[in-house]
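So this first bit is one chain, no partners, the form predicted alone, shown in structure tokens.
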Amino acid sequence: MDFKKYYPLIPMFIISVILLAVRLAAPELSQIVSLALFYVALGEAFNIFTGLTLYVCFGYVAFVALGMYGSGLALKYILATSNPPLVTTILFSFAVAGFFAFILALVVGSIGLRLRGAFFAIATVGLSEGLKNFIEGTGIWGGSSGLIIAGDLISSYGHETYVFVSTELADYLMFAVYVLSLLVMFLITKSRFGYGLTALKEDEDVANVMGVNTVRYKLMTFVISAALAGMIGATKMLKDLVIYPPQAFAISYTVEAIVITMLGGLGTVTGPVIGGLVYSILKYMLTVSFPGLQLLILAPVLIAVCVLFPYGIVGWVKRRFRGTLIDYLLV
């Protein structure tokens, strides 16, 4: 086995260890680390589809929201029918979250991914709003009143476990999903499947002629990305332990995922990691320093960064150090 192809994972491993060490050693920084892990994981999962195909799903937040609802419903159901160990409950809720998002992506992708480029993007605009209005209008899953999970967790495991789950466990699970997303993205780019996606991204018609089943490739990437988004939603549910439709289906998640991937480097493995860290730190610092004005300040800063680095931060560094070890390690 050629282990050299795994060398680019070294800098990402170092970044991951630093994040985990900061979370363990400095509890006072837990909020910013938690925010960073969420945005890095969201950007990496989003990048698996958009970065490798150049197709944009404007309803991407629907998969995160469905993951929140799926895990929340699974948790409420299993605690209402039995009292299993906490590990079993969490694993079951994550499995349901990923499954819910997977099924939605399979249905939407099977129909929508037969459209090309901008037409697919337009077709997905109403996905999240449609689901949100359906939940609020029909009253399922708590409707507009929301789905509250905290009480079920407290009654089954006690208040100390509830605090542990929402403050500690949720962060470590978010870290696990981030690492999983990163590894999935890396393995795809180094596989035959990834080479087919590269051909698709360069010229879809030529890829079709060369024997690449572009619809199947897009669908496979779409459902993988969606399942990971569902798991991100599950960790968000554990953090909040309450789900309200307006917050769960907030379009800002999709917009932030786009910003993070573009900021770090679209289609690169390292890009969403760098972009997520930069975005989360900027957002946190501006929120603390200029409450109420953070978005007004953040927008021009991000525009300036995108103008200075049109290929993303990672893309700029790779071009600046082309042919060097840095270029090799930044995939």
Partner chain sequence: MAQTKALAITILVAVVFAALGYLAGQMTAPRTGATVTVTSYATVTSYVTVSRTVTPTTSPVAVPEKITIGLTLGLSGAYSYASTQGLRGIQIAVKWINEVYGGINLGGKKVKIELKYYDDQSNKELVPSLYEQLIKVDKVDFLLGPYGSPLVFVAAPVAEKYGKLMINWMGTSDVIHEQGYKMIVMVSTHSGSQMKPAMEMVKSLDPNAKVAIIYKEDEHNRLLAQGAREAAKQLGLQVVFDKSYPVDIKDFTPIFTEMATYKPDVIVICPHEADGILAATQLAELNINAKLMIMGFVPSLASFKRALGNLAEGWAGTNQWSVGASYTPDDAKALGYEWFGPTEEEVLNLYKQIAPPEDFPSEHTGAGAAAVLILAKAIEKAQSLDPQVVRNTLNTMKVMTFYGPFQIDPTTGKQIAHKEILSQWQQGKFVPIWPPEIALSKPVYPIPTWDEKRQGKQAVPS
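Every value quoted in this text rests on a predicted model; they were computed, and no experiment measured them. Residue numbers count along the first chain shown, from 1.
Beyond the structure shown, there is the form predicted in complex with its partner chain, which is absent from this document and is the topic of what follows.
- Annotated contacts: F94, I103 and V223 are all free of its partner chain in the predicted complex [non-hydrogen atom within 4.5 angstroms].
- Using a 4.5 angstroms limit between non-hydrogen atoms, K236 touches its partner chain in the predicted complex.
- By the criterion of a heavy atom within 4.5 Å, L24 is counted among the residues contacting its partner chain in the predicted complex.
- Interface membership of A80, defined by any non-hydrogen atom within 4.5 Å of its partner chain in the predicted complex, is ruled out.
- Residue contact with its partner chain in the predicted complex: F13 places a heavy atom within 4.5 Å of it.
- In sequence order, L9, F13, L20, L24, P27, E28, L29, S30, Q31, I32, L35, F38, Y39 are the residues of 8-40 having a heavy atom within 4.5 Å of its partner chain in the predicted complex; the partner itself is omitted from this view.
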